[in-house]
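Taking the form predicted alone, here's one chain by itself in structure tokens.
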Amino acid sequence: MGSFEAVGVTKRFGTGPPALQDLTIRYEGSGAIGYLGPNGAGKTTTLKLLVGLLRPTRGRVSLNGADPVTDRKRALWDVGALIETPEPYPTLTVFEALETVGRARGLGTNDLDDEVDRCDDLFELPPFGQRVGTLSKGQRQRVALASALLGDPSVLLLDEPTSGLDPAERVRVRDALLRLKKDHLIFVSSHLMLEVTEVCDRLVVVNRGRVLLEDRVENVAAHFRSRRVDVEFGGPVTPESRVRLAALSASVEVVNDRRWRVSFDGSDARRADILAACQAVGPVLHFASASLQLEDAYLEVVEGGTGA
């Protein structure tokens, strides 16, 4: 059973503010955890600490029950990692690049062929005979992802895995992660909300080196109430009709002659009052939150600097 943990980890570079401060997280078994935060929040530093590329200034890190710095082989043997933007050697073919990683993992010829085919099924890899240096950024990223999965490691540490991918490639990677999380432990760092809502079971929000929130994805959304609703009417309504909402909302934005965006305090009672007032203006076809609750939660946590 795969696992990783960081206990009281602080990491400093020079005399500036710490890149990470008192990080404590622990996961084992299977499932997908989203590690979410803006650029510079400390996500990549965390992953580098977990695989032993960095040493903590304070605290301890464990990967599969072993220290990734002092017991590297035991810690990393059953781990696949994609950190920052690794570039396979440009003169190698796709198969040669994968073969290099597979041999390092101890795969024999038959096992290597089977694993390459498995990864091809997951990511629809570029032609095996094409040289890596001629690939697009998205194609290289898929080869790098396949390299991380060779040997079917139980723990996957993925840093912005959809970086550089087009929409179709993103869907392919999302579907692969959904399949893999059933029996793998996946830690996915990202600043893309859609990526974690569609794939991950739990969410860790980090900013300026501190964990601000950690919970199941659905619970994070439940902590926060959307404070905007989109209203679509059955026919054109005049901007002057907004006066009916003057006492109920902070603002009413006229999107077009049939749609309004209403800001308010987020309470259920006020939401009901706004719906009733809109129905008095005209037939209401659509009345719903203007954005994903989880998106609002993320912005509020990061900008506010505190958890729910």
Partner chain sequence: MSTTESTVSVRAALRDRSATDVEQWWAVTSSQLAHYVRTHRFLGLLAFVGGVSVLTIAFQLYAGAPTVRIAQLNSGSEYLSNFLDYTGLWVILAAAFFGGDALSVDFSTGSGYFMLVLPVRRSILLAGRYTAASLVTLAIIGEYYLLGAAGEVYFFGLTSLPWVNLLLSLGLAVLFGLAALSVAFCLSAAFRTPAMGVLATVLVLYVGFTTLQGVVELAGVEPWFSLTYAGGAMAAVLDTDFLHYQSIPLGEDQYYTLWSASVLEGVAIMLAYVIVFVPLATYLYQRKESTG
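These figures come from a predicted structure and were not determined experimentally. Positions refer to the first chain, counted from 1.
Omitted here: the form predicted in complex with its partner chain. The next part is about that form.
**Q** Of L53, L275, V281, L248, which one comes within 4.5 Å of its partner chain in the model of the complex, counting heavy atoms only?
**A** Of the candidates L53, L275, V281, L248, L53 is the one lying within 4.5 Å of its partner chain in the model of the complex.
**Q** Which residue, N219, S163, S136, T100, is the contact with its partner chain in the model of the complex, using a 4.5 Å heavy atom cutoff?
**A** When its partner chain is considered in the model of the complex, the option within 4.5 Å is T100.
**Q** Thinking of its partner chain in the model of the complex, which stretch from 188 to 196, 229 to 237, 77 to 85, 201 to 209 has heavy atoms inside 4.5 Å of it?
**A** In short, 77 to 85.
**Q** So in the model of the complex, does any heavy atom of G106 sit within 4.5 Å of its partner chain?
**A** Contact with its partner chain, yes.
**Q** Using a 4.5 angstroms cut-off on non-hydrogen atoms, would R118 count as touching its partner chain in the model of the complex?
**A** Residue-level check for R118: yes, a contact with its partner chain.
**Q** Within a 4.5 Å heavy atom cut-off, is D114 in contact with its partner chain in the model of the complex?
**A** Contact check for D114: yes, within 4.5 Å of its partner chain in the model of the complex.
**Q** Would R174 sit within 4.5 Å of its partner chain in the model of the complex, counting heavy atoms only?
**A** So R174 does not count as contacting its partner chain.
**Q** Which residues within 166 to 200 place at least one heavy atom within 4.5 Å of its partner chain in the model of the complex?
**A** Contacts from 166 to 200: D183, H184.
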